[in-house]
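First comes one chain, alone, set out as structure tokens in the form predicted on its own.
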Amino acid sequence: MRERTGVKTLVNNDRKIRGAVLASGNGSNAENIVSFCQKHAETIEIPVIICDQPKAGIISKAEKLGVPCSVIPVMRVDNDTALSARAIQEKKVLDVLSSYNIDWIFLAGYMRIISVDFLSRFADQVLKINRVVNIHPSLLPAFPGKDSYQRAYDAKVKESGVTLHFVDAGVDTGSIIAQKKFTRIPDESFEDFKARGLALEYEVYREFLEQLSKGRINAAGN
């Protein structure tokens, strides 16, 4: 795992880390995270998964993993009340997180921009980061936002990859924890291109979780 600074910061791990996964889609990354934590249950655990899409694949995966999944969608409203609807949804999410005493958030394909107020609940004044982590399917700062694999593939990049980063108020602008890259194979399909990226996503997240479970992370930022 390539780290931007190589600086390690000791995390207070006097007690077991309690994390929650937030997901919106099929849930392969969420499954990867939960499976890792279940194998390291003495130091890190995922007692709850939260999903904002009632028909997402992660819901059935959570059941198979034996982890409760709270489905908390944003109610569809007109533009005048959209901000309030977002705030209501986030409050419900925070209520669930509080009930499980969650101290870290792991985003796994969670397709929502998290508000500053939400992030402030997980601000770590010692580490100078928010304890909210996201995996992004590109070598940031290239291709932030949605459809990053497709955009990179269409741009015919010679090299692509994935980025694990702390979440801030911007869109994929938080401090980078680690990046891994792969070289594009001539004439490969988009499906193969994306599959190689996904494999790196799983790898990078597991490596970070392993360091976190040992009480050490790269929190120095860029």
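From 1 onward, residues are counted along the sequence shown. Since we're looking at a predicted model, the values are computed, not measured.
Keep in mind that the form predicted together with glycinamide ribonucleotide (GAR) is missing from the display, and what follows is about it.
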Listed range touching glycinamide ribonucleotide (GAR), judged in the predicted bound form by heavy atoms within 4.5 Å, from 67 to 75, 109 to 117, 86 to 94, 125 to 133:
109 to 117
Note which of N26, Q38, T183, S60 lies within 4.5 Å of glycinamide ribonucleotide (GAR) in the predicted bound form, where distance is taken over heavy atoms; exactly one does.
N26
If the cut-off is 4.5 angstroms on heavy atoms, which of these, A20, V204, I17, L198, is the one near glycinamide ribonucleotide (GAR) in the predicted bound form?
L198
Interface membership of Y100, glycinamide ribonucleotide (GAR) in the predicted bound form, 4.5 Å heavy atom rule
no
Mark P141 yes when one of its heavy atoms lies within 4.5 Å of a heavy atom of glycinamide ribonucleotide (GAR) in the predicted bound form, and no otherwise.
no
Would Y149 show up as a contact with glycinamide ribonucleotide (GAR) in the predicted bound form if we use heavy atoms at 4.5 Å?
yes
